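Look below for two forms of one protein chain, each set out as structure tokens: first structure 1, then structure 2.
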Structure 1
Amino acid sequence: MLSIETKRGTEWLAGAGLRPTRQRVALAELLVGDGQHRHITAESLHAAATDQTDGVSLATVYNTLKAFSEAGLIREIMVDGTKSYFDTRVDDHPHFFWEDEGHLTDAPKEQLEIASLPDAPAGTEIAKVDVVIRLRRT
């Protein structure tokens, strides 16, 4: 009998048309198995997978997160040019980046107002707008 975490992970993959390989199911369980949204890095997911499974390489974690992102299961949020976070909540919403701790959390979207955006250059369109609000403790 499948655990609730395995069932959630497998259904999550199936909903996006992704084949449920052993590694994908193991990582999906860690991402959505408890039904909660989360922000993770490839490194933090790799560490969790190493603790709970019989081994998934960091390269496999990166490739799997890329596949999940391309399938629309997660969103990649770039915090700076070197750090990507992945969010299991895929609707449009802003984020707080806590500089002192180096982690990402959801910010209340009801409090965000974007009155206008600059015109996109000729021959282009705005694909999306990511709002990351950097915080530092005082």
Structure 2
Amino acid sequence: MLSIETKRGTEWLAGAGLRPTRQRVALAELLVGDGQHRHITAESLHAAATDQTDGVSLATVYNTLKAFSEAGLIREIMVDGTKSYFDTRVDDHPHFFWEDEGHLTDAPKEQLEIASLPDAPAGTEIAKVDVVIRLRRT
């Protein structure tokens, strides 16, 4: 069908207590509408939104990504320094970063076995562990 599905995205927002505005629903659909995980940047998401009938301003894309991120709906991944990347999958899992193309994909979590991890120093706890496997074309 041609009509835009908005159910999943709306529920996703509701689960985080975020108001389902037109813009947020549109972005949420682009992010989780088909149930797949995605890696995006503000720029790529803005471009995707612009391709649709409902556009969303770049500033709102930034504000929304920040809001989603603070609500725990998405996670920011630090790989590039010049750009922010976000992942719709929020559990700890390793990433491949394709240095030549500057894009990010999930690495199979089952294939990563961490037998032991350094202890958190006194007075601190581990908030998250980022594992980024940087790839280069051979």
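A quick note: this is a predicted structure, and the numbers were derived from the prediction, not measured. Each residue is numbered by where it sits in the sequence of structure 1, with counting from 1. Basically, rigid core = biggest C-alpha set you can superpose within 1.5 Å across the two forms.
- Of the two forms shown, structure 2 is the one predicted in complex with a further copy of the same chain, while structure 1 is not.
- T105 shows a C-alpha shift below 2 Å between the two structures [criterion: core-superposed Cα displacement of 2 Å].
- Once both forms are fitted on their rigid core, the CA atom of G15 lies less than 2 Å apart between the two structures.
- Taking the core as reference, the Cα of I126 moves 3.4 angstrom between the two structures.
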